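Form predicted alone, single chain, as structure tokens, below.
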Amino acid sequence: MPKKILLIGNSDGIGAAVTRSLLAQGHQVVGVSRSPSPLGIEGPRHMVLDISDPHYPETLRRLMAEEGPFDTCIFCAAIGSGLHLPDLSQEAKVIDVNFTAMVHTLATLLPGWLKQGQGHFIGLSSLADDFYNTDAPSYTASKAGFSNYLVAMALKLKSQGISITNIRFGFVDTKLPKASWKPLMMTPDQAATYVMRCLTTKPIQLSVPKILGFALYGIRWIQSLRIWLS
């Protein structure tokens, strides 16, 4: 059955791939991102907006009033910034986009979903949420908060008929990954297939690829042991 879907961060990467897949299946899509839609004026409605802007929640409420209730929201937006001391100027921005804006988005949608007794929020996190990255601490910290928050909200809202799905991806071939070594990297289209699957299965959390998740968990365990021993 076609759904009305709000997609945050759909101008490129996984978000753009998900948009194409949704449209191909007949879903109605409204996009929000800081860049114009690659689908142009012939594509679905698209709002150019920096989601770290203080007025983002207010603008999102206006969009919802104009477009009517959404069945699903897919939050794909993310940025990263390497840390080069002593410059910490971009650290708060990364957390605002990756984590705070996601919370604002869910908070704006939730009252309507609670009244309806249904709704589905899908957030795209990262396997990087499970270890300490001294080269990009704001990114890994934002994703750790992202994953923790969504899983907790999934457990909180399940009895209300609302589904929350946290998808933890490894390396995806977008402009975001900066590592020199990117094992098991997926294309955006491959990543989109997992997002589309979650529209139906609605898991609380999905980690892809699992083998990379286990490897990063091992790194986190070693890091934690070193901290404990110090």
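Predicted model only: the values in this text are computed from it and were never measured. For every residue, the number given is its place in the sequence shown, counted from 1.
The next section is about a form of this same protein that is not shown, the form predicted together with a small molecule.
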{"query": "Contact test, all of Leu49, Ile79 and Leu124, partner the small molecule in the predicted bound form, heavy atom 4.5 Å", "finding": "yes"}
{"query": "Touches the small molecule in the predicted bound form: Val97 (any heavy atom, 4.5 Å)", "finding": "yes"}
{"query": "The small molecule contact in the predicted bound form: Ser33, any heavy atom under 4.5 Å", "finding": "yes"}
{"query": "4.5 angstroms heavy atom contact with the small molecule in the predicted bound form for Phe70", "finding": "no"}
{"query": "Ser207 within 4.5 Å of the small molecule in the predicted bound form, heavy atoms", "finding": "no"}
{"query": "Candidate stretches 163-171, 198-206, 23-31, 62-70, one within 4.5 Å of the small molecule in the predicted bound form by heavy atom", "finding": "163-171"}
